[in-house]
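What follows is one chain in structure tokens, specifically the form predicted on its own.
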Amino acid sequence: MKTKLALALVAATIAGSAAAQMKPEDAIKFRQSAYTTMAWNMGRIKMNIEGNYNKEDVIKAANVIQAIANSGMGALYLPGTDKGKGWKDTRVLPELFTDKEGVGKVAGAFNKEANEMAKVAATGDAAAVKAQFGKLGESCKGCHDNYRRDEK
């Protein structure tokens, strides 16, 4: 038990150190890449809901979204990454770095809905997937509305 705790603390320290040493533009690139991957997978689910439903495609897409949601992306929001460029200019608003309570709520909601999306997708119930997809999309919108600039 003590060994597992010690290993977990070492891993957390190493991860924290790695993030602290990361260049801001790299953190922005990683964020942008993850969000682009999630958008692609949201589109895959939407195509299945609106077209010929393929359970396996939906499961794969939902699992990718869930994995990214649980990946600890918060570590990529380093001080100073509210400005700058990754693949393109960042769209994150400075409020994301100051509104800890609000960010915690939207991040928690997104994580919850992403996990639920993977569970629902595994059932193969297209109607349930459609309903959960709406909830997942709303959780994404919570962050977009409050913490992201519109694209120029």
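Start at 1 and count along the sequence shown; that's the residue number. Just so you know, these numbers come straight off a predicted model, no measurement behind them.
Not pictured, yet referred to below: the form predicted together with another copy of the chain.
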Listed residue (Ala122, Ala67, Ala107, Ala126) with a non-hydrogen atom within 4.5 angstroms of another copy of the chain in the model of the complex: Ala67
Proximity of Ala34 to another copy of the chain in the model of the complex, heavy atoms at 4.5 Å: yes
Partner proximity in the model of the complex: Lys88 to another copy of the chain, non-hydrogen atom cutoff 4.5 Å: yes
4.5 angstroms heavy atom contact with another copy of the chain in the model of the complex for Asn115: no
Close approach of Leu93 to another copy of the chain in the model of the complex, 4.5 Å, heavy atom: no
All of Met22, Lys60 and Met73 with a heavy atom within 4.5 Å of another copy of the chain in the model of the complex: yes
Sequence-ordered list of residues in 131 to 150 near another copy of the chain in the model of the complex, where near means a heavy atom within 4.5 Å: none
